[in-house]
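In structure tokens, the next block holds one chain alone, the form predicted on its own.
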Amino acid sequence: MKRNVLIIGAGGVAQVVAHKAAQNNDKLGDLHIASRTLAKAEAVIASVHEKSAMKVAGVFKAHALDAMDTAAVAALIRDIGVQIVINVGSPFVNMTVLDACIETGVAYMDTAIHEDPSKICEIPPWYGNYEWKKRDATKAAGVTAILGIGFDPGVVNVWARAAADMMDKVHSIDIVDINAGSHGKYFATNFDPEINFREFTGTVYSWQGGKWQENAMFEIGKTWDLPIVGPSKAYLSGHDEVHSLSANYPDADVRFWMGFGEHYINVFTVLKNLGLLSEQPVVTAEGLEVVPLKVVKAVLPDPATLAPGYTGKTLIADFVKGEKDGKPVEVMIYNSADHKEAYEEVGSQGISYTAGVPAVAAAILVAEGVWDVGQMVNVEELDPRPFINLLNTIGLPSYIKDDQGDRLLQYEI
């Protein structure tokens, strides 16, 4: 059994994690949140108390921390006595935080793959460039490290495993992410603009025919017939989960599809063609060195500020095809979140909600020993059943549609 949690980060996803951890602090113990800017961490705690989210009376403290400093992260872990770290800071800090967890022997989890600020779209598999190099170290230390436990990556990986367990052979895994909501702004991204744009400026990698296929962003589009939000156009995109699912299901085609409106595509294309999405520094006429991508981030709305006026729903689904007893099988597993409902509960919009709730579910399973496996894993390598059941009870129910109908996915364990 592990107790006491440190949340690293103080953005929209961290706010969701903080609220959900508070709602389950009877299982998780003392709570702590750390950010480079102490005031941001304190504001998250204040929002928790404003909504009386703490299930039982307990500790919730804020700390200032440079998460790029492994020694500082390790020192904080030791000082406050936590046994679980939920890293929802920038993907740039993954490896320093992971190293600190290995050093101190505490459980680690994150919601996105590590990124080097100076590089975009490295060679696949992306996990092989950083996290997977620490597999032996985590196992030697007996440290549970759960990679990519947001929604995508995260829940969609769990669904892929759940669907695969229903089949004798898996032929394809297609992940579809649609945001049918509206934030009312001329242009904004739903999470960190720098990370958002980095996802879509490089090569689109998918795993097809037992090898990596390369395409350009917005080159391949498809309309998907979806529950709740209806027919929706999505584009083949590069994404984290493709890089682990392809390793665990090498005989299946693995693709990720993201929904984009024409307005987003037009603005994105203009910014890219002007060089404003470059991660490489340039020098202005005044002699100032700036990174264009960081300038764009600075002038766009902070994603956390979008929540109060956000309306509509998200729809994320896995379409998995395969064989069972020699016959073709197709399964869709999905979830829909409501932006307004998310804001009313935790003060964040639906996309942050879907990313934050799964990390807390995983923390609860680690605390209870169910997912405390003492090594590094991607989510599809864990038993999906207790996780899906838990998500059903804490805000993100999973539904399945197959030849038996459309219903809640629930397991008897």
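None of these values were measured; they are calculated from a predicted model. From 1 onward, residues are counted along the sequence shown.
Missing here is the form predicted in complex with a small molecule; even so, the following discussion is about that form.
For the options W224, F191, F260, Y343, the one in contact with the small molecule in the predicted complex, meaning a heavy atom within 4.5 Å, is F191. Scanning A361, L31, V379, L65 against the small molecule in the predicted complex with a 4.5 Å heavy atom cut-off leaves one residue, L65. Contact check for S232: every heavy atom lies farther than 4.5 Å from the small molecule in the predicted complex. By the criterion of a heavy atom within 4.5 Å, V48 is excluded from the residues contacting the small molecule in the predicted complex. At a distance threshold of 4.5 angstroms between non-hydrogen atoms, T37 is in contact with the small molecule in the predicted complex. The closest non-hydrogen atom of Q83 lies beyond 4.5 Å of the small molecule in the predicted complex. With the partner left out here, the small molecule still marks one of 146 to 154, 247 to 255, 321 to 329, 286 to 294 in the predicted complex; by a 4.5 Å heavy atom cut-off that stretch is 146 to 154.
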